[in-house]
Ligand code: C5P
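Presented as structure tokens, the chain that follows is alone, the form predicted alone.
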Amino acid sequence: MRVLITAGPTREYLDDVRYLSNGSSGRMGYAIAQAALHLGWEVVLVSGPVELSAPPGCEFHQVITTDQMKEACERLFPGCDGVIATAAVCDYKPAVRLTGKMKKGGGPITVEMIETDDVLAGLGSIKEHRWVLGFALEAQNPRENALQKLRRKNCNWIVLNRPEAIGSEENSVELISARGETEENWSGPKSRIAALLVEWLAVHAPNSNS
């Protein structure tokens, strides 16, 4: 099994100094990468900026912006059996990136924002025989929103988790199938959840024995 894993946040720059991002630590994605390596899988890890070292033995690709993550993933995905998309990708970016450092002007400013390209939906649209497992971090109507994301992005499964997972050593997740059925509920350290998820995929994912 050769699997693509996305991890960490992306950044979208207002100017050459300031950027928009989120508090993703990358721990979930890196733990999944480690668990997959432990099972003998080939791992291609595409990561935004985090304070973690890539697990030894993986093929590592460092990115910063959402566009960079999208380009790397769409280039690498055709050579993989599936993708586990844990990255917390920015949904919006400034319409214009300013050159240099924006100076204070003594009053409020308005920044026009536009949507970024959807990395997971892009992979779902080209998956063909490959499988796609996404992560959904939801606060309001969590299960309903996760199901909408699963269908809209053409995932085989989606892992629902909550904002409390950001930056935490632990997590509580629900694995949901394309039929909208709960396959598993797991709680505990992210390393334990990662191991359980990869072991589940080893049994249920297409091409898991390759």
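The shown structure was predicted, so the numbers you read here are calculated from the model rather than taken from an experiment. Sequential numbering from 1, following the sequence displayed.
Quick note: we don't show the form predicted in complex with the named molecule, though the next part is all about it.
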Has each of Thr116, Gly134 and Lys153 got a heavy atom lying within 4.5 angstroms of the named molecule in the model of the complex? yes
Quick check on Leu120: any heavy atom within 4.5 Å of the named molecule in the model of the complex?
yes
In the model of the complex, does Glu71 have a heavy atom within 4.5 Å of the named molecule? no
| Looking in the model of the complex, any heavy atom of Cys80 within 4.5 Å of the named molecule? | no
message: I'd like to check something about Lys149: if you look in the model of the complex, is any of its heavy atoms closer than or equal to 4.5 Å to a heavy atom of the named molecule?
response: yes
Looking in the model of the complex, the residues of 76-99 with a heavy atom no more than 4.5 Å from the named molecule, listed in order, are Ala85, Thr86, Ala87, Val89, Cys90, Asp91
